[in-house]
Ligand SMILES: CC(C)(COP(=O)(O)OP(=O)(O)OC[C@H]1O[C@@H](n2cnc3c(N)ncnc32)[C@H](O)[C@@H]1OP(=O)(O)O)[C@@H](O)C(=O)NCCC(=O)NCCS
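Shown below, as structure tokens, is a lone chain in the form predicted alone; questions about how it binds or moves come after it.
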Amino acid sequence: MSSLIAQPSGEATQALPSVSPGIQRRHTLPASEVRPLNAQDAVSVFEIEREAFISVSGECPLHLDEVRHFLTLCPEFSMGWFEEGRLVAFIIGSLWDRDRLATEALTLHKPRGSNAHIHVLAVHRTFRQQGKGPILMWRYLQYLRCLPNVRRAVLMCEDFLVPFYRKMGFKVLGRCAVTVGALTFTEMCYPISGHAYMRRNSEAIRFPNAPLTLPPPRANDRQMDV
């Protein structure tokens, strides 16, 4: 039963009903959320990245200090997918100012560049083969359309991932000049053109209430769901 509490002004306001501590309403996190990453997310990012890449190629695209570097310098070019507060997939990018990637692109952010360099896309091992990699990349590419100076998205990948990125609209530019140890890469790009799908002043990178509708991956595509 509610009661009235007298305020110093003499006005009366309705008090909240008392609730037993045992049945207080718990704070709940969003079921799904997409947002930019920050330096506090760096450890979670690196744990996912290390598991995803070390077992396959023995190398991580970004080490922990480099993850922190980019998430501090240009967090607006990152995107993380969280489920109930837990990071399940992410992209980290930066800007680059040349037509083709060079070794310096692995560590530098060029604020006046027009190429969004995608350093890494990774999905937590327990959330793979669910289409999260392609969905997050689609979301990221649409977000880039809201940034007026970005003209292309570029990345380098090992050859076995080329079909995965081709399915998302990336085109092969050729052999990348960058090597990491014995690893060589194919360089790919995606043109960012046309009108933004989402207004820049909208909640452009929040996960929608309704699930995104994308064609399910075919059986022979599942091994490439990074």
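From a predicted model like this one, the values you see are computed outputs, not experimental measurements. Position 1 is the first residue in the sequence shown; the rest follow in order.
Same protein, other form: the form predicted in complex with the named molecule, not shown, and the subject of what follows.
Within 4.5 Å of the named molecule in the model of the complex, a heavy atom is found for all three of A122, P134 and F164. Here is the short version: of R145, R128, R152, H109, the single residue with a heavy atom within 4.5 Å of the named molecule in the model of the complex is R128. Put simply, of A42, C176, A52, V34 only one has a heavy atom within 4.5 Å of the named molecule in the model of the complex, and it is A52. Residues within 4.5 angstroms of the named molecule in the model of the complex, judged by any non-hydrogen atom, belong to 155-163 and to none of the other stretches in 176-184, 65-73, 34-42, 155-163.
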